[in-house]
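Before any questions on how it binds or moves, here is one chain, the form predicted on its own, in C-alpha cells.
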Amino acid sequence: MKKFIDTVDNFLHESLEGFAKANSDIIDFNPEPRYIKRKTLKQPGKVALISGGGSGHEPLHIGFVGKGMLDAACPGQIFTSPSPDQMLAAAEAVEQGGGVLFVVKNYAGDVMNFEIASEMLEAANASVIVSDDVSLPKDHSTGRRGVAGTLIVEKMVGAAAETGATLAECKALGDRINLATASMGVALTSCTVPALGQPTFAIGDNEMEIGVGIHGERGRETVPLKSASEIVEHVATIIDDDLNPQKGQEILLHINGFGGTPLTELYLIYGLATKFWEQRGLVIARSLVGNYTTALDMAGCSITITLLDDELKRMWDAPVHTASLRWGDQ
C-alpha cells in the first residue's frame, strides 16, 4: 500500500482538519462527535438537510455542505456508517425550526443508525432513502443500494429547502427524485482501505466488475475487459430498461468517477452515453461529469440518469455554493 498517510488511526481526523481549513469560509468542523456543518445557517424556519455515511466517498458528503445543499454531513470511518450520536449532534446544531430531513444511502448500517438518531431527535424529522443502484433487482432482500444518485437528491432537495419548502414537501421531492433516478457502476480495479492495507478483492488485468458498489465490494458479475463502447452499451441498456424513459424525455446525465479514473476517460464515457440516449430520442438537458461519489482509489465509473421535468430542472439550476459544487449567484 502506497498512500500519503501518517498513521491509520489519525488518517480520517487529519483529513477532515485539512478539509475544514481549506474551506473555512463556508464550513465548520466539529471533531467530537464528528460532523461538518454550514458556517452560516439560513434564516429560522428552513428545513435542515443532513446526510452522511462512511468516509472514502469524497466529495460525498462533506463536499456538499453549504448554500443550496446540505446543512450538515456526518462522516464515519472509512466505509463505516457514522454513529447515531454524530447524526443527533449535527441535527441539533443546524435545526432552525423547520424540522430535519435526513438523506440516507440504502445500506443497512446507515439506515439503522439514522433511524436511531431520528427517534432520539425531538424536532420534527423525516428521511429519504436513496436506492438508485439498478445492478440489484427491485425486490432484493435489502433493497437497492444508494450510490451516485445521492448527489442529485441532495442538490435538488437542498435547493427546495433553501427557498422555503416545508419538511413534507422536501421529503416528497426527495422520494420523487429517487424514483426517477437510476445508476450502475463498473470497476476496473479494486480499492485499498488504509486499515486493510491491500485491495478488497482480486481482479485480473483483463477483467472488470459490472454492477460494483462504492465500498469496494464486488459487483454482480466479473467479465472480460471490454471496450468503452461495449461497456456503455451494456450499462446504459440496463439503466434504460429499468427507467423506461419515453422518446422526447429530458434527462440529467451524470458520469461519476470512483476516484482512480482520469477525466479524459470520464468525458469519453459521457460522449458515448450521450450518443446512446440521443439515438433513442432522449434529450440530454443537464450534465455532470467528474469524481463525486468515489470509492477511495478505485478505477472505474458509474452512469446515472434522472428523468427531468421543469421543477427538477429549476432545482438543479438553483444557486449552490459548497466545496465541490458551485454555480449560480453566490
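Just so it is clear, the structure is predicted and the values come from calculations on it, not from any experiment. Just count from 1 along the sequence shown to find any residue number.
Another form, the form predicted in complex with another copy of the chain, is not on view; read the next lines as being about it.
K.L.:
With the cut-off set at 4.5 Å between non-hydrogen atoms, does G197 touch another copy of the chain in the predicted bound form?
P.N.:
Judged by the heavy-atom cut-off of 4.5 Å, G197 is well away from another copy of the chain in the predicted bound form.
K.L.:
Using heavy atoms and a 4.5 Å limit, would one call E32 a contact residue for another copy of the chain in the predicted bound form?
P.N.:
Answer no; every heavy atom of E32 is more than 4.5 Å from another copy of the chain in the predicted bound form.
K.L.:
Test of understanding: in the predicted bound form, would G259 fall inside 4.5 Å of another copy of the chain by heavy atoms?
P.N.:
Yes.
K.L.:
So, in the predicted bound form, is G300 in contact with another copy of the chain at a 4.5 angstroms heavy atom limit?
P.N.:
Result yes; G300 sits at the interface with another copy of the chain in the predicted bound form.
K.L.:
So another copy of the chain isn't shown here. In the predicted bound form, which residue out of E207, E221, E119, D241 has a non-hydrogen atom within 4.5 Å of it?
P.N.:
When another copy of the chain is considered in the predicted bound form, the option within 4.5 Å is E207.
K.L.:
Which listed residue (T163, S227, T237, T142) meets the criterion of a heavy atom within 4.5 Å of another copy of the chain in the predicted bound form?
P.N.:
Result of the distance check: S227.
K.L.:
Hey, of 143-151, 125-133, 227-235, 172-180, which bit sits against another copy of the chain in the predicted bound form at 4.5 Å between non-hydrogen atoms?
P.N.:
Partner-contacting stretch among the options: 227-235.
K.L.:
For a quick test of understanding: in the predicted bound form, does each of V186, E265 and Y270 have a heavy atom within 4.5 Å of another copy of the chain?
P.N.:
Every listed residue reaches another copy of the chain in the predicted bound form, so yes.
K.L.:
Within 4.5 Å of another copy of the chain in the predicted bound form, counting any non-hydrogen atom, which residues from 3-23 show up?
P.N.:
If the 4.5 Å heavy-atom criterion is applied to another copy of the chain in the predicted bound form, 3-23 yields K3, F4, I5, D6, F11, E14, S15, E17, G18, F19, K21, A22, N23.
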